[in-house]
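You are given structure tokens for the same protein chain in two forms, set apart as structure 1 and structure 2.
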Structure 1
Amino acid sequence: MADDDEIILSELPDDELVLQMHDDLYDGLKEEIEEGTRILLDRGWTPYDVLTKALVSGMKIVGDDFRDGILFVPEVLLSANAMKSGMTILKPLLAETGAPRMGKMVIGTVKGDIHDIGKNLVAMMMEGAGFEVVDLGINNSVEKYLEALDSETPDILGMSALLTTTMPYMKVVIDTLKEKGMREDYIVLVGGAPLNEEFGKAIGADAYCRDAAVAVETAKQLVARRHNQPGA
């Protein structure tokens, strides 16, 4: 998208700079995103506004084009790296400035599965949306999930799997939660390439999330619904 090397970010007015940052995110330009983030902060933007208006909105475009088959995994990874660099600057400032907190999520790839690209994207976008995210990484046994649920007391449990052979493990985790009478304590979101809505329902998850953007929207809706329940 952005192909003009002569653009001086610091000379752009705010609205154009934000659009340019969307382009730079799309193109995976890490240094430009760092520069744009610093410029907006220097101009008095709140860290939360920089995050949501410049980074998250830009990453939403990337996500939509990935969903529509316009962008592919490598491009999304480059964009994610660029966004991560902006978030590294913003993260400590967000904590200081009391940005809205949407809820807390524990997320991890299931046992026997080492794939984490999608899971990492979800974690990043959830953080961008104001969720506190505890990332358990890859190859998580039911015991590891339970331990994290116990110590972190999140609102949401997110599980990811890329393989047809590992996705049934999500049901093992959910069934264990049911056995222990803990299932209703958490919103359970599942995702991964071979999954679908039918599978999500069949294993007793609250929702299957097709991509990171859907995960964020679903999490927001379900957390809000939960908070609206009497006695919640």
Structure 2
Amino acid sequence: MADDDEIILSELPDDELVLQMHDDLYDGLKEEIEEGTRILLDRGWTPYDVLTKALVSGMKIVGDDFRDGILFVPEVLLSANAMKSGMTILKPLLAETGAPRMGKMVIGTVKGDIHDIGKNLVAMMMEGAGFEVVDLGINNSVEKYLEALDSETPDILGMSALLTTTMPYMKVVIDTLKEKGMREDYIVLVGGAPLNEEFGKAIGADAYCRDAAVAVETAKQLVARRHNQPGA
């Protein structure tokens, strides 16, 4: 008799398989997520349904528990990695089917700062929520941000800093956007350990995001608001 550890994914009906995938995402099981994704596709699920019902819904549970202090960064990174392995299968298929997406984000750590764990987590959680994410990495100058905004035309610009000395550079980027008359074209989200809400307001960002879970919620709200504006 098979014990509980030997769940055969291909033998589960759709609804149970989706719940099992939520559990596997929570546990950061990469291979199981790949297998589950393929099984659902083979059963005729659309790539978009696999993304939203199996992966994004599963990552929402991870995000909520991270926000509530039940899960911590290492566990969330494992979940996000498992999510990515499913996304690798779905991405080309989603591109073909022209599936709706939440929005697009360009994200990077600011000039002088080489910290990226928080930024990576935000990027992964945003992907997990169905956003397209372009990650510029660390140590980004104004020019690099502008170049990416120009070539990627995102909805959101995300900037992160972990050092008090690099925080002011966020204002340099936002001021440059204002000077060029581009500030209103983007939702600007900022984050990082030394920042707070007052700082976000003072430099002219749309929002300060305390952690990755907050970043996802804030991004969803602001993008929805922007799409609902007449003439936006």
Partner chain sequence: MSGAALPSLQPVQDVSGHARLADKILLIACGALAREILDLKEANGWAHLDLQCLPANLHLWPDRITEAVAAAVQQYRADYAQIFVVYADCGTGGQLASKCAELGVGMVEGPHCYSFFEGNQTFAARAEDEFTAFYLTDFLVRQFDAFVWKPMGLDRHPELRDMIFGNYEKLVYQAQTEDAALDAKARECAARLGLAYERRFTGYGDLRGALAALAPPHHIP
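Quick note, the numbers are simply positions in structure 1, starting from 1. For the two forms, the rigid core is made up of the largest set of C-alpha atoms that agree within 1.5 Å on superposition. For clarity, every value in this text was computed on a predicted model and none was experimentally measured.
Of the two forms shown, the form predicted together with its partner chain is structure 1. Of the two rigid parts that describe the chain's movement between structures 1 and 2, one contains Glu127 and the other contains Lys53.
Superimposing on the larger rigid part's C-alpha atoms between structures 1 and 2 leaves the smaller part rotated by 11 degrees.
Once the core is aligned between structures 1 and 2, the alpha carbon position of Glu11 differs by 8.8 Å; this is the C-alpha shift at that site. Superposed on the rigid core, the forms differ at Pro47: its CA is offset by 6.2 Å between structures 1 and 2.
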